[in-house]
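Let's start with one chain on its own, the form predicted alone, as structure tokens.
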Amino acid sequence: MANVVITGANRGIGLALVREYVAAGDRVYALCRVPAQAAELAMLAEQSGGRLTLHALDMASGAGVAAAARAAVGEAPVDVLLNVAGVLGGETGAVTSTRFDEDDFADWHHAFEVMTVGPFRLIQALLPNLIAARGKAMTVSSQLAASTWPFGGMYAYGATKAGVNRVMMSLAIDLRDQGVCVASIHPGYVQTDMGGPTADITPQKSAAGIRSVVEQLALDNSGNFFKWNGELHPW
């Protein structure tokens, strides 16, 4: 039985990943901003026999990330950490037609805190736990992070994901000697609140693919940017 920490666990891909790991018999620490509003997650926890617990985590709060990690996991070894939590960020209009206002830039800063700085903070906070388990940290990124993405727009979201890819690569290099694997993954075009109902794959299919990629993650392929189906993503 593995100890698994999942952020953004209350909906979409995060919730599907919780279901995957609980069904596999693992011990899951499910983190989200407001657990009291996570009805589906609470129901899963009630049915899990104590293997799933819910914990509050605000990825935009530096002190909050460290405190939440300590409160949720304590000194337990962490075999798998999945950084899933995400926001869209300031995306109103296109720069050719509408100027961004200060509210949009505030959203940019929030997006970077949640999706670029936050995953680094959480790995930092749980590093002793990851080292104890010789564990794996996988961050959900996006194909929008890649220089090969042939479209404009999505400025804040794409920038945060490109940034977190580089952060994860650096962590993979720096933590290799301590036995910790780090990588990032494009989850596919998924039928979530962000992807919409006409997207290519379900959250369940994405989650199953991500779990399979995590199982195959090792020190010799640490630092890569993967697709949900196990292929490497050019970026």
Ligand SMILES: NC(=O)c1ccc[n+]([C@@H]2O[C@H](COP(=O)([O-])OP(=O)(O)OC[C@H]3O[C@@H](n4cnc5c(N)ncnc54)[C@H](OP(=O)(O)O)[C@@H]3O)[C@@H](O)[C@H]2O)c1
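When you see a residue number, it is the position in the sequence shown, counting from 1. Computed from a predicted model, the values in this text were never measured in an experiment.
As for the form predicted in complex with the ligand, it is not shown, yet the points below apply to it.
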Problem - Option from 128 to 136, 70 to 78, 146 to 154, 113 to 121 whose residues, in the model of the complex, bring a heavy atom within 4.5 Å of the ligand - result: 113 to 121
Problem - Interface residue in the model of the complex among 59, 171, 28, 180, criterion: non-hydrogen atom within 4.5 angstroms of the ligand - result: 59
Practice task
Would you check whether the ligand, in the model of the complex, lies within 4.5 angstroms of a non-hydrogen atom from each of 165, 223 and 233?
Solution key: no
Practice task
With heavy atoms only and a cut-off of 4.5 Å, decide whether residue 209 touches the ligand in the model of the complex.
Solution key: no
Problem - the ligand contact in the model of the complex: residue 52, any heavy atom under 4.5 Å - result: no
Exercise for the section: Report whether the minimum heavy atom distance between residue 33 and the ligand in the model of the complex is within 4.5 Å. Expected result: yes
Exercise for the section: Verify the contact flag for residue 13: yes if a non-hydrogen atom of it lies within 4.5 Å of a non-hydrogen atom of the ligand in the model of the complex, no if not. Expected result: yes
